[in-house]
Structures are given as C-alpha cells and as structure tokens.
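One chain comes next, on its own, written as structure tokens: the form predicted on its own.
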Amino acid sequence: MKTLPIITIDGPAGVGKSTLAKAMAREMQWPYLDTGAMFRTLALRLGPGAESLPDAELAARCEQIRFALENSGDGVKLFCNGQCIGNEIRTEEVGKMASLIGTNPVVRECLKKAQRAMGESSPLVAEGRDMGTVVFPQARFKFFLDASPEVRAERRCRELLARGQSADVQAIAEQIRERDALDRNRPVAPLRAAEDSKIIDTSHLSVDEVLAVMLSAVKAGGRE
C-alpha cells in the first residue's frame, strides 16, 4: 500500500498532542494541521445544539464553513472562511460542544474531506483523534499519545491559569473522563490507536523526551 508523506499524532485531550505536533512540524519543516481546532471551530460557528439538527440542515451549514492552510506571515496557519483561528475556540465549553458534534457522521465526513484535501496537496503533521485510523490510514508515520486523566487535568489547569482563566483540577479531571468516554465509545470513528501506530505514554515524560522518541521512530523509518 502506498504511503503518504504525513505524520499522524492521535490521542485524547491533554496528552500534549498540540505541543508535540507543532514541534514535529518544525523539525520536519512540514505544515501542522490541528484537526481538533477544526472540530472546535465548527462547533463554535454552528452553536449549541447543532448535534440535534436534521442531517440535511447540518450538512448544508457545514458546507458554508471552509478550512484552509495559509501562510500568515509567521508560518502556515489554519484559517476558517478567510479568518485565522485563535484562542476563542480553546474553552472547556467549546471542547464539550466539539465532542458532541464529533459523534455525528455528517460532521465527520465533511471535515474528513477537508482534511484529506489538505493532505493531498502538501506533506502534513496531522493531529487529532482518528488521523491514523480513518482520515489518513496511509500515513507514513503514526503515533498515539496517552496519559492518565489526573496528569492531563493538571496540565490543562496550568494552561488555563496561564491565560488568566479559573481552573479546578478535580472538575477538569471529571470532564476529561466524560469526554474520553464519549470519544472512545462513539459509534463513528471511535478514539483508538491504529494497529501500525507507535503508542507513547506521556504521563512521566517531558515534551523533549517524547519528541526524541518520535523523531527516532521517523528517522528509523526513513525520513523523506
């Protein structure tokens, strides 16, 4: 089977996917595709309750939302309908909305087409939850990151506090468990590691240590 010049990094929320995907993209000098940001942006633009819309209406509304990777002057960034996506999508509420619409086949098919189109035009480091299993099964390198809910909650708290937002580690840990259950048990594209992915537990590893493991695997597999 022909492989594509794509690196997929999958895993649940809070395992360091974004940080590591960005670092890997810098090392490879490839564009970084944050597919979680695509789901969050779609959820925010569709609004609360979008998961309950009739399929035809939902599909029509999704078709009006276009994504693209564009050079913003400080690197390749993800844009939606001509606007660069920012921190407005990084709240816990938007994350929960994204998990709800993420179970809808109409939404997943719409975003899968957009993601594959970007992967056909350029090498990518693609981060998400089903990149290696559904969207890019022919990716050359696949990684699945994991960590305990407690560790992930502590990391999330530090992120929120750094942004000046309030944070309760116990509440966030419970939200993470609930979101994991939704993602792992959904009938469409459930969160799981691809059979040919390298699984890395990041609970007790630094970003640099995880990146070193990933780069070693890429080097061993032949970097092109």
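On a predicted model such as this, the values are computed, not experimentally measured, just so you know. The first residue of the shown sequence is 1; numbering continues from there.
If you look for the form predicted together with a small molecule, you will not find it shown, but the lines that follow are about it.
Residues within 4.5 angstroms of the small molecule in the model of the complex, judged by any non-hydrogen atom, belong to 34 to 42 and to none of the other stretches in 195 to 203, 48 to 56, 34 to 42, 63 to 71.
For the three marked residues, 17, 128 and 183, a heavy atom of each sits within 4.5 Å of the small molecule in the model of the complex.
Remark: residue 98 counts among the residues lining the small molecule in the model of the complex, judged by a heavy atom distance of 4.5 Å or less. The closest heavy atom approach of residue 140 to the small molecule in the model of the complex falls outside 4.5 Å. For residue 179, a non-hydrogen atom is located within 4.5 Å of the small molecule in the model of the complex, even though that partner is not displayed. Residue 108 belongs to the set of residues with a heavy atom inside 4.5 Å of the small molecule in the model of the complex.
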